[in-house]
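Shown below, as C-alpha coordinates, is a lone chain in the form predicted on its own; questions about how it binds or moves come after it.
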(Lines give C-alpha, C1' and ligand atoms only; values in the text may rest on other atoms or scores of the structure.)
Protein backbone atom coordinates (compact mmCIF):
# COMPACT_ATOMS: atom_id res chain seq x y z
CA UNK A 1 0.00 0.00 0.00
CA UNK A 2 1.39 3.39 -1.03
CA UNK A 3 1.71 6.19 1.49
CA UNK A 4 -1.18 8.65 1.29
CA UNK A 5 -1.03 12.31 0.35
CA UNK A 6 -4.08 12.84 2.56
CA UNK A 7 -5.34 11.06 5.67
CA UNK A 8 -8.97 12.04 6.37
CA UNK A 9 -10.48 11.13 9.73
CA UNK A 10 -14.20 10.33 9.64
CA UNK A 11 -16.60 11.33 12.39
CA UNK A 12 -19.55 9.44 13.80
CA UNK A 13 -21.91 10.01 16.66
CA UNK A 14 -24.34 7.63 18.32
CA UNK A 15 -23.69 4.98 15.69
CA UNK A 16 -24.19 7.19 12.63
CA UNK A 17 -21.57 8.68 10.35
CA UNK A 18 -21.96 12.44 10.15
CA UNK A 19 -22.43 14.08 6.75
CA UNK A 20 -19.13 15.95 7.08
CA UNK A 21 -17.36 12.59 6.86
CA UNK A 22 -18.45 12.24 3.23
CA UNK A 23 -17.57 15.86 2.52
CA UNK A 24 -14.08 15.11 3.84
CA UNK A 25 -13.75 12.47 1.13
CA UNK A 26 -14.44 15.02 -1.60
CA UNK A 27 -12.06 17.61 -0.16
CA UNK A 28 -9.46 14.94 0.50
CA UNK A 29 -9.62 13.54 -3.02
CA UNK A 30 -9.22 17.01 -4.56
CA UNK A 31 -6.22 17.73 -2.35
CA UNK A 32 -4.66 14.30 -2.90
CA UNK A 33 -4.90 14.80 -6.67
CA UNK A 34 -3.23 18.20 -6.39
CA UNK A 35 -0.41 16.83 -4.23
CA UNK A 36 -0.10 13.67 -6.26
CA UNK A 37 -0.90 10.71 -4.03
CA UNK A 38 -3.52 8.55 -2.43
CA UNK A 39 -6.47 9.36 -0.19
CA UNK A 40 -6.66 7.25 2.94
CA UNK A 41 -9.51 7.41 5.46
CA UNK A 42 -9.42 6.52 9.15
CA UNK A 43 -12.48 5.49 11.11
CA UNK A 44 -11.90 5.25 14.83
CA UNK A 45 -14.13 3.52 17.41
CA UNK A 46 -17.69 2.28 17.09
CA UNK A 47 -18.87 -0.12 14.39
CA UNK A 48 -15.78 0.44 12.26
CA UNK A 49 -16.57 -2.30 9.74
CA UNK A 50 -20.01 -0.88 8.95
CA UNK A 51 -18.65 2.65 8.80
CA UNK A 52 -15.85 1.48 6.48
CA UNK A 53 -18.44 0.03 4.09
CA UNK A 54 -20.28 3.35 4.02
CA UNK A 55 -17.06 5.33 3.48
CA UNK A 56 -15.89 3.11 0.64
CA UNK A 57 -16.82 5.60 -2.04
CA UNK A 58 -15.32 6.64 -5.34
CA UNK A 59 -11.90 8.25 -4.93
CA UNK A 60 -10.94 6.55 -1.66
CA UNK A 61 -7.81 4.39 -1.95
CA UNK A 62 -7.62 2.85 1.52
CA UNK A 63 -9.56 2.77 4.77
CA UNK A 64 -7.94 2.14 8.15
CA UNK A 65 -10.24 0.90 10.91
CA UNK A 66 -9.29 1.36 14.56
CA UNK A 67 -11.63 -0.85 16.64
CA UNK A 68 -11.00 0.78 20.02
CA UNK A 69 -13.90 2.12 22.09
CA UNK A 70 -17.43 3.03 21.05
CA UNK A 71 -17.85 6.80 21.11
CA UNK A 72 -15.52 9.75 20.75
CA UNK A 73 -12.66 9.84 23.24
CA UNK A 74 -9.96 12.50 23.04
CA UNK A 75 -7.08 10.22 23.94
CA UNK A 76 -8.18 7.42 21.61
CA UNK A 77 -8.57 9.73 18.63
CA UNK A 78 -5.36 11.62 19.30
CA UNK A 79 -3.34 8.45 19.80
CA UNK A 80 -4.86 6.71 16.79
CA UNK A 81 -4.31 9.60 14.40
CA UNK A 82 -0.73 10.13 15.57
CA UNK A 83 0.02 6.41 15.15
CA UNK A 84 -1.49 6.40 11.65
CA UNK A 85 0.57 9.45 10.67
CA UNK A 86 3.73 7.79 11.97
CA UNK A 87 2.93 4.61 10.04
CA UNK A 88 1.84 6.13 6.72
CA UNK A 89 3.45 9.59 6.56
CA UNK A 90 0.65 11.62 4.91
CA UNK A 91 1.25 15.17 3.74
CA UNK A 92 -2.12 16.33 5.08
CA UNK A 93 -4.23 15.27 8.04
CA UNK A 94 -7.81 16.28 7.24
CA UNK A 95 -10.36 16.59 10.05
CA UNK A 96 -13.88 17.96 10.44
CA UNK A 97 -14.26 21.45 11.89
CA UNK A 98 -16.68 20.11 14.50
CA UNK A 99 -16.84 20.02 18.28
CA UNK A 100 -15.04 16.68 18.27
CA UNK A 101 -12.59 17.60 15.52
CA UNK A 102 -11.56 20.80 17.26
CA UNK A 103 -11.16 18.86 20.50
CA UNK A 104 -8.25 16.73 19.32
CA UNK A 105 -6.89 18.49 16.21
CA UNK A 106 -4.75 20.98 18.17
CA UNK A 107 -3.31 18.18 20.29
CA UNK A 108 -2.41 16.14 17.20
CA UNK A 109 -0.79 19.13 15.49
CA UNK A 110 1.18 20.08 18.60
CA UNK A 111 2.38 16.53 19.20
CA UNK A 112 3.46 16.08 15.56
CA UNK A 113 4.97 19.56 15.36
CA UNK A 114 2.95 20.56 12.28
CA UNK A 115 0.89 23.66 11.48
CA UNK A 116 -2.90 23.53 11.95
CA UNK A 117 -5.40 25.63 9.98
CA UNK A 118 -9.03 25.42 11.11
CA UNK A 119 -12.41 26.13 9.50
CA UNK A 120 -11.22 25.94 5.90
CA UNK A 121 -13.78 26.71 3.20
CA UNK A 122 -11.40 26.06 0.30
CA UNK A 123 -7.94 24.58 -0.17
CA UNK A 124 -5.46 24.47 -3.02
CA UNK A 125 -2.03 22.97 -3.53
CA UNK A 126 0.57 24.06 -6.08
CA UNK A 127 3.94 23.16 -4.58
CA UNK A 128 2.60 24.71 -1.37
CA UNK A 129 -0.71 24.70 0.50
CA UNK A 130 -3.07 27.67 0.49
CA UNK A 131 -6.20 27.73 2.62
CA UNK A 132 -9.21 30.04 2.40
CA UNK A 133 -11.02 31.01 5.60
CA UNK A 134 -13.74 33.49 6.49
CA UNK A 135 -13.23 36.15 9.14
CA UNK A 136 -15.11 39.02 10.79
CA UNK A 137 -18.45 37.26 10.84
CA UNK A 138 -17.99 35.87 7.31
CA UNK A 139 -17.65 39.39 5.89
CA UNK A 140 -14.08 38.81 4.67
CA UNK A 141 -12.33 35.88 3.01
CA UNK A 142 -8.63 35.46 3.67
CA UNK A 143 -6.16 33.17 1.92
CA UNK A 144 -3.35 31.75 4.02
CA UNK A 145 -0.09 30.30 2.70
CA UNK A 146 0.92 27.35 4.88
CA UNK A 147 4.60 26.61 5.29
CA UNK A 148 6.00 23.14 5.82
CA UNK A 149 5.92 19.68 4.27
CA UNK A 150 3.11 18.36 6.46
CA UNK A 151 0.04 20.05 7.89
CA UNK A 152 -3.32 19.51 9.56
CA UNK A 153 -6.59 21.03 8.37
CA UNK A 154 -10.15 21.14 9.63
CA UNK A 155 -12.82 21.82 7.02
CA UNK A 156 -16.17 23.52 7.54
CA UNK A 157 -19.19 21.33 6.97
CA UNK A 158 -21.33 22.13 3.97
CA UNK A 159 -18.52 23.62 1.85
CA UNK A 160 -17.81 20.48 -0.20
CA UNK A 161 -20.36 18.10 -1.71
CA UNK A 162 -20.58 14.65 -0.20
CA UNK A 163 -18.67 11.94 -2.04
CA UNK A 164 -20.82 9.52 -4.01
CA UNK A 165 -20.40 6.33 -5.95
CA UNK A 166 -19.00 2.97 -4.93
CA UNK A 167 -15.30 2.68 -4.29
CA UNK A 168 -12.76 -0.11 -4.35
CA UNK A 169 -10.71 0.91 -1.33
CA UNK A 170 -8.53 -1.51 0.57
CA UNK A 171 -9.85 -1.91 4.12
CA UNK A 172 -7.36 -2.80 6.83
CA UNK A 173 -7.59 -2.97 10.60
CA UNK A 174 -4.96 -0.84 12.33
CA UNK A 175 -3.68 -1.82 15.77
CA UNK A 176 -2.91 1.03 18.14
CA UNK A 177 -1.74 0.88 21.72
CA UNK A 178 -4.47 3.06 23.23
CA UNK A 179 -6.71 2.07 26.12
CA UNK A 180 -9.93 4.11 26.62
CA UNK A 181 -9.87 3.25 30.31
CA UNK A 182 -6.65 5.27 30.64
CA UNK A 183 -8.48 8.45 29.62
CA UNK A 184 -9.55 10.89 32.31
CA UNK A 185 -12.91 11.41 30.58
CA UNK A 186 -15.44 9.23 28.77
CA UNK A 187 -18.90 9.53 27.25
CA UNK A 188 -21.60 8.65 29.78
CA UNK A 189 -24.60 9.47 27.61
CA UNK A 190 -26.34 12.09 25.48
CA UNK A 191 -28.95 14.69 26.29
CA UNK A 192 -30.69 16.87 23.73
CA UNK A 193 -30.34 20.57 24.55
CA UNK A 194 -32.58 23.42 23.46
CA UNK A 195 -35.31 21.21 22.03
CA UNK A 196 -34.60 17.97 20.25
CA UNK A 197 -37.76 17.46 18.19
CA UNK A 198 -36.00 17.76 14.81
CA UNK A 199 -32.54 17.86 13.29
CA UNK A 200 -32.68 20.46 10.55
CA UNK A 201 -29.32 19.26 9.23
CA UNK A 202 -31.00 16.04 8.06
CA UNK A 203 -33.93 17.69 6.28
CA UNK A 204 -34.32 17.46 2.50
CA UNK A 205 -36.57 20.52 2.35
CA UNK A 206 -36.39 23.45 4.76
CA UNK A 207 -38.88 26.29 5.12
CA UNK A 208 -36.89 28.94 6.95
CA UNK A 209 -38.42 32.03 8.51
CA UNK A 210 -36.90 35.38 9.48
CA UNK A 211 -37.88 38.59 11.17
CA UNK A 212 -40.28 39.36 8.31
CA UNK A 213 -42.84 37.13 10.05
CA UNK A 214 -43.30 40.05 12.49
CA UNK A 215 -45.13 38.26 15.32
CA UNK A 216 -44.81 34.88 17.01
CA UNK A 217 -48.42 33.95 16.32
CA UNK A 218 -47.74 34.31 12.59
CA UNK A 219 -45.43 31.30 12.72
CA UNK A 220 -48.51 29.11 12.36
CA UNK A 221 -48.60 30.18 8.71
CA UNK A 222 -45.03 28.90 8.20
CA UNK A 223 -45.78 25.58 9.88
CA UNK A 224 -48.88 25.18 7.68
CA UNK A 225 -46.72 25.69 4.58
CA UNK A 226 -44.09 23.24 5.85
CA UNK A 227 -46.78 20.64 6.46
CA UNK A 228 -48.18 21.13 2.96
CA UNK A 229 -44.67 20.79 1.47
CA UNK A 230 -43.65 17.88 3.74
CA UNK A 231 -40.82 20.13 4.89
CA UNK A 232 -39.10 21.06 8.15
CA UNK A 233 -39.23 24.53 9.69
CA UNK A 234 -35.99 26.36 10.46
CA UNK A 235 -35.20 30.01 11.13
CA UNK A 236 -32.72 32.85 11.23
CA UNK A 237 -31.20 33.98 14.52
CA UNK A 238 -33.70 36.77 15.41
CA UNK A 239 -36.52 34.22 15.67
CA UNK A 240 -34.52 32.15 18.16
CA UNK A 241 -33.33 35.23 20.06
CA UNK A 242 -36.96 36.25 20.50
CA UNK A 243 -37.71 32.85 21.98
CA UNK A 244 -40.19 31.96 19.25
CA UNK A 245 -38.34 28.81 18.15
CA UNK A 246 -35.74 26.67 19.95
CA UNK A 247 -32.03 26.89 19.21
CA UNK A 248 -32.00 23.61 17.30
CA UNK A 249 -34.02 25.30 14.53
CA UNK A 250 -31.46 28.07 13.88
CA UNK A 251 -29.52 28.17 10.62
CA UNK A 252 -26.31 30.17 10.36
CA UNK A 253 -22.86 30.74 11.68
CA UNK A 254 -24.06 30.57 15.30
CA UNK A 255 -26.60 27.86 14.48
CA UNK A 256 -26.40 24.87 12.16
CA UNK A 257 -24.95 24.45 8.70
CA UNK A 258 -27.56 22.88 6.41
CA UNK A 259 -27.42 21.56 2.83
CA UNK A 260 -30.99 20.58 1.91
CA UNK A 261 -32.25 19.90 -1.59
CA UNK A 262 -34.53 22.94 -1.26
CA UNK A 263 -34.14 25.93 1.07
CA UNK A 264 -37.11 28.31 1.09
CA UNK A 265 -36.17 31.56 2.86
CA UNK A 266 -39.21 33.54 3.94
CA UNK A 267 -38.76 37.05 5.29
CA UNK A 268 -35.01 36.56 5.63
CA UNK A 269 -32.80 39.44 4.46
CA UNK A 270 -29.68 37.32 3.94
CA UNK A 271 -27.13 38.54 6.47
CA UNK A 272 -23.72 36.98 5.96
CA UNK A 273 -23.97 35.06 9.22
CA UNK A 274 -27.14 33.36 8.03
CA UNK A 275 -25.90 32.76 4.48
CA UNK A 276 -22.83 30.99 5.89
CA UNK A 277 -25.14 28.30 7.20
CA UNK A 278 -27.25 27.63 4.10
CA UNK A 279 -25.33 28.64 0.98
CA UNK A 280 -24.56 25.01 0.22
CA UNK A 281 -28.25 24.22 -0.39
CA UNK A 282 -28.92 22.70 -3.79
CA UNK A 283 -31.79 25.09 -4.62
CA UNK A 284 -32.47 28.36 -2.78
CA UNK A 285 -35.80 30.17 -3.07
CA UNK A 286 -36.36 33.54 -1.42
CA UNK A 287 -39.49 35.51 -0.58
CA UNK A 288 -38.92 39.09 0.52
CA UNK A 289 -40.56 42.49 0.10
CA UNK A 290 -37.19 44.17 -0.49
CA UNK A 291 -35.93 43.60 -4.06
CA UNK A 292 -32.43 44.61 -2.91
CA UNK A 293 -32.27 42.10 -0.04
CA UNK A 294 -28.92 40.25 -0.09
CA UNK A 295 -30.72 36.90 -0.01
CA UNK A 296 -31.58 37.41 -3.70
CA UNK A 297 -27.87 37.49 -4.55
CA UNK A 298 -27.56 33.77 -3.80
CA UNK A 299 -31.14 32.65 -4.55
CA UNK A 300 -31.85 30.48 -7.56
CA UNK A 301 -35.44 31.75 -7.59
CA UNK A 302 -36.96 34.79 -5.92
CA UNK A 303 -40.36 36.30 -5.25
CA UNK A 304 -40.53 39.99 -4.40
CA UNK A 305 -43.71 40.21 -2.41
CA UNK A 306 -45.40 40.21 0.98
CA UNK A 307 -45.06 36.80 2.60
CA UNK A 308 -48.57 37.16 4.02
CA UNK A 309 -49.87 37.24 0.44
CA UNK A 310 -47.47 34.72 -1.09
CA UNK A 311 -47.41 31.96 1.55
CA UNK A 312 -51.20 31.34 1.63
CA UNK A 313 -51.14 30.94 -2.16
CA UNK A 314 -48.30 28.46 -1.90
CA UNK A 315 -50.22 26.49 0.71
CA UNK A 316 -53.24 26.32 -1.61
CA UNK A 317 -51.02 25.16 -4.49
CA UNK A 318 -49.40 22.37 -2.47
CA UNK A 319 -52.68 21.20 -0.97
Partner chain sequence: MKVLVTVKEVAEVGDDFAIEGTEIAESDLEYDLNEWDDYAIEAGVRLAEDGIADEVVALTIGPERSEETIRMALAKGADRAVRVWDDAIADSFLDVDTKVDLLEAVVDEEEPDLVLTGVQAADDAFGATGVALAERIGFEHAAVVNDLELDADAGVANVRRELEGGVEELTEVDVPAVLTVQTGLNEPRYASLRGIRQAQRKEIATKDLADVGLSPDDVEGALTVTSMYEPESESDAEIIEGDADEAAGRLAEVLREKGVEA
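Because the structure is a prediction, the values reported are computed rather than measured. Numbering follows the first chain given and starts at 1. What we label the rigid core is the largest C-alpha set whose atoms superpose within 1.5 Å from one form to the other.
Keep in mind that the form predicted together with the partner chain is missing from the display, and what follows is about it.
In the predicted complex, the partner chain sits within 4.5 Å of a heavy atom of residue 290. In the predicted complex, the partner chain sits within 4.5 Å of a heavy atom belonging to residue 100. Remark: residue 106 counts among the residues lining the partner chain in the predicted complex, judged by a heavy atom distance of 4.5 Å or less. Though the partner is left out of this view, residue 217 does not reach within 4.5 Å of the partner chain in the predicted complex, counting heavy atoms only. Checked against the partner chain in the predicted complex, the candidates 248, 91, 232, 78 yield a single residue with a heavy atom inside 4.5 Å, and that residue is 78. Of the candidate stretches 282-290, 44-52, 29-37, 57-65, only 282-290 has residues whose heavy atoms lie within 4.5 Å of the partner chain in the predicted complex. Contacts of stretch 296-312 with the partner chain in the predicted complex, defined by any heavy atom lying within 4.5 Å, are made by 296, 297, 299, 300, 301, 302, 303, 304, 309, 310, listed in sequence order. Core-aligned CA deviation for residue 241 between this form and the one not shown: 2 Å or greater.
Annotation for residue 17: C-alpha shift under 2 angstroms between this form and the one not shown, rigid core superposed.
After superposing the rigid core, the C-alpha of residue 224 moves by 2 Å or more between this form and the one not shown.
With a change of no less than 3 Å, the CA-CA distance between residue 12 and residue 276 is smaller in the predicted complex than in the form shown. CA of residue 50 to CA of residue 205: farther apart by 3 Å or more in the predicted complex than in the shown form.
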